[in-house]
Each structure stands twice: as structure tokens, then as C-alpha cells.
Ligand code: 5GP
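We begin with a single chain expressed as C-alpha cells, specifically the form predicted on its own.
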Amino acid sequence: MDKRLPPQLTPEIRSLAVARASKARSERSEVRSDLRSGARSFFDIVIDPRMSIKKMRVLELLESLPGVGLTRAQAIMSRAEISPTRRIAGLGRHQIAILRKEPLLRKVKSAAGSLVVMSGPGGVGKSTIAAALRRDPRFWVSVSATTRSPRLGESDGVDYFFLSDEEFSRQIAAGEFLEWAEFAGARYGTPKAAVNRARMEGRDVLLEIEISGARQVRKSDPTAILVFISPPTWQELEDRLVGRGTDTPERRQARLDLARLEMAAASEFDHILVNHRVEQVLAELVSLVSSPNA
């Protein structure tokens, strides 16, 4: 029989644990108060990045909404097929989509901005769309972090956040990226804190990222709106990719092969927008975030 005693906690560790528990209780109490007063909506709470809020039970939040109470909260959860013990962090995007249709949950308009993830094959015009959207004050276009060196004319914090390999690894370990991936020998990632801050300020956030990154965001934030940008025809995309005169024949073929794989992922996205004209795509993006059931 193992007779080893459990580790003894020092007074300092005990004090720290008590302080953390007290802070978590205070944060949860503040959230419930905001819901009761109508200062924040249920869907604002869903994207709250604090772990104390992520661990709250969905039932506890629903009960705090004006005009809901325990009986109605249980009925809402039953319609959305949500377990009575489910916590906020465990909500899936289909469950959130059902909750968005509940009249009692739509009475208070969300103060937080939407998260739009835009992806698609190389050469389809994503960078042009993102650049145009930067001029719309309603949107904030996320700036990625990368381990590659700055190119001529690029500025830190404007084009990218340029990080060392060591710092990038530290931020991965600390969970500071919403998504990250490796491409062409460098790593790229979306800083989570900046995205959350912009959304809590009420701005809609656009991420222009690769498809692998979009899949990561889908898992970590089920409220995100995933948008796939498609070319009008495959021939137009092929002409654009092949037309880059600086590529070798091998590089052009690699671009085309990758584009075919990327096009095959379109069905994973919530919306597919065909890029006939940049102005039309911009209008459709604005319409998506303006719709309560986007």
C-alpha cells in the first residue's frame, strides 16, 4: 500500500489559491449581474476569454437572463440539446446557432463585435479585400505574428508582429494564439488578446488566414463566421496563378496543386462568396455581420 502523504501546501500557495478563487467568484458574480441588468448579452459572455467565465455552466447563465428563470432555461437547453452540466467552453457552433434563434436571448443586442474568418485559395484576392476593409471603421483587420524576417517596406505591428522563434514558441505554450501554422519555413499566428480586445470594443474583426488556421478557429471559437472566397471560375484563378512571371514551372505547378486542395475545402465554411468584384464581396461581408443569424 502506498502510504505517501499528499504534498503540503505552503501558506503562500494557500493564500494565492484563496485569492484566485475569490477573484473567480467576483468575475462570475459580475457577469450574472450584467446579464440581469441587460448590460451584456448571453453571446457577449460566450466569447469572454477569462477562464473563470469559460468554466461557468450554461444553465447558470441562462437562469440569470431577465424573464428566463430555471424552468425556461432548462427548456431552452433541451431544445438546443445541451447537457445540464455543459459549461460555456464546451458549447458547439451548432448549439450556439440554435441559441441565437431563441427570442429571449435576442432581446439584448450583443455589444461585442463578430469574428469573421476569411480564407480561400492563393491568388483569389483575399489581401485586396482585407486592405479595402481596413478603411471601414466598423472593422478591425487582425495583424498576424510571424517568425520570418521583415521584407523591404514592412513595419512591425503594421504588416506583422515580427517575433523570434523563442518568443513565438513561448506564446504557443502560453496559449496566446487563436491559431497558428507553419508555412515556407516560418511560423504565423493570430494573437488572441488583440482580437478579443477589438471585439469587446464592439468592432467586427476580420482574420485573413489559411484554411488550416480557419479550422483551428472553428474549434476554439464556435461563434466565428467562416467565409470562403472563391474565384468566378477555375480558369480565372489558374490564369492569375500562372501569370506570375517570377515563378519557375515547378513553383507554378505547386501553386495550382495547392489551390485545388484549398478549393476542395469550401464546403467546410459557413458562406462562400464569389469574388466577381471586390466592392460586391465587401458589401456581402458587411451584410453577414449585420444579420443576427449570420
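Computed from a predicted structure; not experimentally measured. Throughout, we count residues from 1 along the sequence that is shown.
From this point on, the text means the form predicted in complex with guanosine-5'-monophosphate, which you will not see here.
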Does at least one non-hydrogen atom of Ser144 fall within 4.5 angstroms of guanosine-5'-monophosphate in the predicted complex?
yes
In the predicted complex, does Ala89 come within 4.5 Å of guanosine-5'-monophosphate, counting heavy atoms only?
no
Using 4.5 Å between non-hydrogen atoms, is Asp204 touching guanosine-5'-monophosphate in the predicted complex?
no
So in the predicted complex, is guanosine-5'-monophosphate close enough to Arg135 to count as touching (4.5 Å, heavy atoms)?
no
State the residue from Val124, Val116, Ile209, Val195 whose non-hydrogen atoms include one within 4.5 Å of guanosine-5'-monophosphate in the predicted complex.
Ile209
Of Ala75, Ile98, Ala130, Ala181, which residue is found within 4.5 angstroms of guanosine-5'-monophosphate in the predicted complex when only non-hydrogen atoms are counted?
Ala181
Based on heavy atom distances of 4.5 Å or less, which listed stretch (218-226, 67-75, 90-98, 186-194) is in contact with guanosine-5'-monophosphate in the predicted complex?
186-194
Which of the residues spanning 133-166 lie within 4.5 Å of guanosine-5'-monophosphate in the predicted complex, based on heavy atoms?
Ser144, Arg148, Arg151, Tyr160
